[in-house]
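First, one chain by itself: the form predicted alone, in structure tokens.
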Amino acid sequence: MAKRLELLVHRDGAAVHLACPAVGRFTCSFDKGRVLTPGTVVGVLETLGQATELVVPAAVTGRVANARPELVHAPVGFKTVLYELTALGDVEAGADDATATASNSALAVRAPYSGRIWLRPSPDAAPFVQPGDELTAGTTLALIEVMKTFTHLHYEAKDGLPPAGRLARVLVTDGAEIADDDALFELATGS
């Protein structure tokens, strides 16, 4: 069983800051717009070769307001703010709303498990699929990385998805952390 530490909490008016409880390298962070609840594992802190899961403390709930670190293994210090949370009602208009709406869509390809998603086979290659592409059984959509193991995510006609469809939107960014059942790709309705 992995070691776990609760994040430190600092309230600044309506905002809640979740800070690092130790020194190390922070990885597996969540994207802006993600809802955090007590007990949620929100990243991993690597210190001297040891991985520790970071957890949201009790009585803390909110939506991530800040962007995730640019580095996959970002160096952090004691009390470095990792997440700034806003109240759940304070949702900004834009991409986060589109993602939230699409996550409720019946025509969405969902994550089969948690990990990191890669939308292209290599950093300098074109994405596997783009909006407007026709999806059929077996079409490669992305790679999902779990503990340095990469698995192809293929389109399948299951969970209410049609045998073929047209890709309307990509709902995640390249290299983003994903959780089981997150909406990843939205299909056009009536395709």
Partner chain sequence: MFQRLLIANRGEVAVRIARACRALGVSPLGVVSEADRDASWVDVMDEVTVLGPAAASASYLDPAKLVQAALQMRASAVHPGWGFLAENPRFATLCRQHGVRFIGPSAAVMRRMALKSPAKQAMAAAGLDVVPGSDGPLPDVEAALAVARDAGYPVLLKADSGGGGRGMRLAANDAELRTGYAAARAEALAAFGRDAVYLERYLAAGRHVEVQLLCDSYGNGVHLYDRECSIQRKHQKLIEESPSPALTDDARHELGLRSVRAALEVGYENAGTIEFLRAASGEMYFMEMNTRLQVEHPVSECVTGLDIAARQIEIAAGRPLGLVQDDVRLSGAAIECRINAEDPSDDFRPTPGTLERFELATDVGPGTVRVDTHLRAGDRVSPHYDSLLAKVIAHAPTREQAIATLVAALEKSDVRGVETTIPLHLAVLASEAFQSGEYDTSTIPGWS
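Residue numbers count along the first chain shown, from 1. Remember, it's a predicted structure, so these values are computed and weren't measured experimentally.
If you look for the form predicted in complex with its partner chain, you will not find it shown, but the lines that follow are about it.
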Segment assignment from 29 to 37, 44 to 52, 154 to 162, 57 to 65: heavy atom within 4.5 Å of its partner chain in the predicted bound form
44 to 52
Selected contact from Gln130, Thr136, Thr149, Thr140, since only one has a non-hydrogen atom within 4.5 angstroms of its partner chain in the predicted bound form
Thr149
Listed residue (Val23, Val9, Ala15, Val172) with a non-hydrogen atom within 4.5 angstroms of its partner chain in the predicted bound form
Val23
Just checking whether Arg110 would be counted as a contact of its partner chain in the predicted bound form - the rule being heavy atoms within 4.5 angstroms.
no
Is Arg120 near its partner chain? Define near as a heavy atom within 4.5 Å, in the predicted bound form.
no
Indicate whether its partner chain has at least one heavy atom within 4.5 Å of a heavy atom of Val76 in the predicted bound form.
yes
In the predicted bound form, is there a heavy atom of its partner chain that lies within 4.5 Å of any heavy atom of Ser114, even though the partner is absent here?
yes
Considering a change of 3 Å or more, are the Cα atoms of Cys20 and Ser114 closer or farther in the predicted bound form than here?
farther
Indicate closer or farther: the Cα atoms of Arg116 and Lys79, in the predicted bound form, relative to the displayed form, with a change of 3 Å or more.
closer
